[in-house]
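Below, in structure tokens: the form predicted on its own, a single chain.
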Amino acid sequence: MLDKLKQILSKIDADYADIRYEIKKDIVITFNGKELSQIGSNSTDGYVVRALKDGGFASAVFTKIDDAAQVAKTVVENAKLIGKDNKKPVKLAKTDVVKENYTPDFIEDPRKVSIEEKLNITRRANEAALAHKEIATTNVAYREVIREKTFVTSEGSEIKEDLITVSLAGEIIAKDGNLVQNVRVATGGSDGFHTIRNPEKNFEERTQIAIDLLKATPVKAGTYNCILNPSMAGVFTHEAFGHFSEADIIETLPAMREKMKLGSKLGSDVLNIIDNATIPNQLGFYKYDDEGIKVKHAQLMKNGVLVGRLHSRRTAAEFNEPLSGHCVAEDFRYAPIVRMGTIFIEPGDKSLEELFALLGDGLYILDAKGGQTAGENFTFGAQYGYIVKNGKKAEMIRDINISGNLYKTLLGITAVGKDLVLSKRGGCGKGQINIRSCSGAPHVIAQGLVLGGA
């Protein structure tokens, strides 16, 4: 395949060109309640070619090798047209030429596990939830995605890398009369099938939370000092802060670009945020992005000061900042865009007991449940929480929605725990879906959060 890709590139009359060939394989097993509603596998493949010509940068997707010559001609013509319309010619940051065939180490390779065994594990997890009379139904799915990528550039880089992601996740729905409550459950990762083995305990624990929520008290609307658990703090970091660290989001927004200027004091002194997809054995790990750039750990915030951001080759040249290796595509159907890899708040020095003592009175908010951002403002749901009185966890609360301003919240994070947890299931819908987008945090204290409720 390398020779075929190099042959295609050799015929492209451009200032720069690259081509990515990818085989994508999926396995999906889904239960809706007691019913096995889907089981199957699929394999597809295709190509993405990009070309820089006369200041314009264009891409095209094709699936048949016989179309390569015509597609290459078209993408160069499109690049030239874009270049004529651009106020500023596109430039790409310089990078090293890389030649590597990289296969990650798997503790247990999912490709060697039969689909029958995958079905049995998914069924056992689903049955662990349905065994309780309070559970009305479930939606539980196993998903396995394999991307076998080959990437070649006109500069001479030749990279092969496999990405394999597994997840066992879903929703558990409890009901008492007209009252319905649900919790989400998820496990998985990118280092092997072992991450989803023996899921019953996890599913039983999440089922008990759903049942307990039937007796929980709706939260009272107000402004509270809160402890956010790693899931909530991680989602806040990803959604409210992380996207503004992606250079392509802010480059055409002058006001946001000014606010996100490196050196700006945005957070409290205790707040440090990093994107580090180089950490092995976690969901967001990869070695090379879909531009062939080796991923680097990117310090984004240090002691509350903005010190870095995430880039493609194009945005790194535009901002005159270092490459980070964060230009990623969903699969062969897309050209890559700037994406977070593994973004998290770095751990501090406080135990959870110390955080409760520091909080005194307030709320303990757990597990993200969807949300949205509008500029620098955000709204997130939480799956459940607890009232905290005199540093002690008290009664359970539900129906929690948090709203706030990014910058006020960053300044309001006044204490950071030492118990960092990274997500085991990803998902980011910025233009494309990134199932390996990983986030995390320790427990943190966030002051002055606005909660809707009764």
Partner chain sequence: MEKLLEMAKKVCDQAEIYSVDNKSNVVSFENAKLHDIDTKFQSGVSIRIIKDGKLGFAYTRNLINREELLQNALNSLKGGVSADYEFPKTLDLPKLNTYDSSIDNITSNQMVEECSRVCELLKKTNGEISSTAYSYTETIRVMNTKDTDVSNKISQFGIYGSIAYPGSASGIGRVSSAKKFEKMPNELIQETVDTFNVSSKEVTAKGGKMKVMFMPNCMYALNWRINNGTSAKSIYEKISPIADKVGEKIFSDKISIYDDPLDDKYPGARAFDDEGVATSKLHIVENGVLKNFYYDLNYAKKLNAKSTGNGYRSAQWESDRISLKPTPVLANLRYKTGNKSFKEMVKMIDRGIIIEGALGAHSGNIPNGDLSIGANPALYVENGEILGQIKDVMMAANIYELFKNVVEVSNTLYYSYSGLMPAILFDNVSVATKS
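Quick caveat: nothing in here was measured; it's all calculated off a predicted structure. Whichever C-alpha set is largest while still superposing within 1.5 Å between the two forms counts as the rigid core. Numbering follows the first chain given and starts at 1.
Although it is not shown, the form predicted in complex with the partner chain is what the next lines describe.
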### Task
Using heavy atoms only and a 4.5 Å cut-off, determine which of 303, 379, 95, 351 is in contact with the partner chain in the predicted bound form.
379
### Among the candidates 262, 221, 131, 211, the residue which, in the predicted bound form, approaches the partner chain to within 4.5 Å (heavy atoms)
221
## Note on the structure
Per contact check vs the partner chain in the predicted bound form (non-hydrogen atom within 4.5 angstroms), the hit among 104-112, 70-78, 275-283, 262-270 is 70-78
#### Entry: Close approach of residue 372 to the partner chain in the predicted bound form, 4.5 Å, heavy atom
yes
### Query
Is residue 58 one of the residues lying within 4.5 Å of the partner chain in the predicted bound form, judged by heavy atom distances?
yes
### Message
in the predicted bound form, does residue 191 come within 4.5 Å of the partner chain, counting heavy atoms only?
### Response
no
### Query
Wondering, does residue 120 line up within 4.5 Å of the partner chain in the predicted bound form on heavy atoms?
no
### Joint contact, 157, 329 and 421 to the partner chain in the predicted bound form, by non-hydrogen atom at 4.5 Å
no
### Task
Taking only heavy atoms into account, state which residues of 185-208 are within 4.5 Å of the partner chain in the predicted bound form, ordered by sequence.
none
### Query
Rigid core fitted, then: does residue 116 show a CA shift of 2 angstroms or greater between this form and the one not shown?
no
### Task
Verify the C-alpha shift of residue 208 between this form and the one not shown: is it 2 Å or more after superposing the core?
no
### Task
Compare the position of the CA of residue 386 between this form and the one not shown after a rigid core fit and state whether the shift reaches 2 Å.
no
